[in-house]
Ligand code: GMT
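Heads up, the chain below is alone and in the form predicted on its own; it's given as structure tokens.
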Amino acid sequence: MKSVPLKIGIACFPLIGGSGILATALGSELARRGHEVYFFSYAQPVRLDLPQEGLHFHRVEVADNALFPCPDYTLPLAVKMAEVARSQQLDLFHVHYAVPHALAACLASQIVGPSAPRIVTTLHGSDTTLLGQDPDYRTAIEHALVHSDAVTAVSESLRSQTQEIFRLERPIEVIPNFFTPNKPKRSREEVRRDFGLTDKFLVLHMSNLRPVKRIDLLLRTIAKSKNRARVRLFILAGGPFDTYEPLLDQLGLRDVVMVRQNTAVVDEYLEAADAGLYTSEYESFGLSILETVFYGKPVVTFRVGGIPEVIGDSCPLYPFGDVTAAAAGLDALVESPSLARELGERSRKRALEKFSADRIVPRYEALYRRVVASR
């Protein structure tokens, strides 16, 4: 017997970052599987492709009332979620981050009353690694997690860290991120020709450039490469790069590094790249790394957080901060195209086996049905 479609509300940040990208991809996949999905955010998520059957977007206006000393988002978000939950009879909220989304879902549920949707909260890292250390947020995060009907984390590393910091008695289920590659609109050759890179080894980095991404180590790794004359680093930046401009000149990388900001469509750049380089001091999962290897590109990165769960033994991993070792690993790929192809294909095969939509999305569906059935 065919399962009854669910009505699911998803709250996420709309920015270029792992949580927003995963939430958007999940919502699109759920809609393709026949569910009705309602997004809540202050702007349309960058990778939310509308219109799509079964997919709806509700913009939340940030309140800027003269009565309050600063704008407020959590209360308007909760009100909007409650309104839609009532009018559409939502089965559940799936919120990405405890603050502010799970807190807003808790308040929305109180507003709706006995028929309120169930709450599934997915942790992506910042709740634990940043806000969880802040006494101004810690109690609020604990409240949101305790009052969720289910909590998931994107890696075993994040689950362990969350349980250690918050001392939670409730279970946290690990459901990793997934990725579905799209067919690029431009060929590899076209993109490389536009960049003037026909004979260069193109290294790709994608991130929001927050301090934890350690862009300083990214640039120092390139500077350490003995093949830097043959290399070009292309940074797809989800945030401002201005802070690192002086370091480009200090390291003599002005002609080696290219930066493009706030680019939602990344497929053609992944296809054009030869390898990925990621130097974070912590990653709960590393969605950009997963996207890179899905296109058969090897990655050079540190052994931190959830990255070993993504990469396994498909590519070498290096001690955090060892830019000399990372540069040597990059040089090995530059000097041996066959090694780069072998590691890239090995990584792609692992990603397909473990992190495809067909493997991950049904796990979320099964979780949804369990929490809805427990109403």
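Since this is a predicted model, take the numbers as computed values, not measurements. Residue positions are given as counts along the sequence shown, with the first one as 1.
Below, we turn to the form predicted together with the ligand, even though it does not appear here.
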The ligand isn't shown here, but in the predicted complex, which of 203-211, 291-299, 76-84, 186-194 has heavy atoms within 4.5 Å of it?
203-211
So the ligand isn't shown here. In the predicted complex, which residue out of Asn177, Ser148, Thr152, Ser109 has a non-hydrogen atom within 4.5 Å of it?
Asn177
So which of Ile119, Leu287, Ala104, Ile141 reaches within 4.5 angstroms of the ligand in the predicted complex, heavy atom to heavy atom?
Leu287
is_contact(Ser19, the ligand) in the predicted complex, heavy atom dist at most 4.5 Å:
yes
In the predicted complex, does Tyr282 come within 4.5 Å of the ligand, counting heavy atoms only?
yes
Is Tyr278 close enough to the ligand in the predicted complex to count, meaning some heavy atom within 4.5 Å?
no
So, in the predicted complex, is Gly238 in contact with the ligand at a 4.5 angstroms heavy atom limit?
no
At a 4.5 angstroms cut-off on non-hydrogen atoms, which residues of 84-116 are near the ligand in the predicted complex? List them in order.
Tyr97
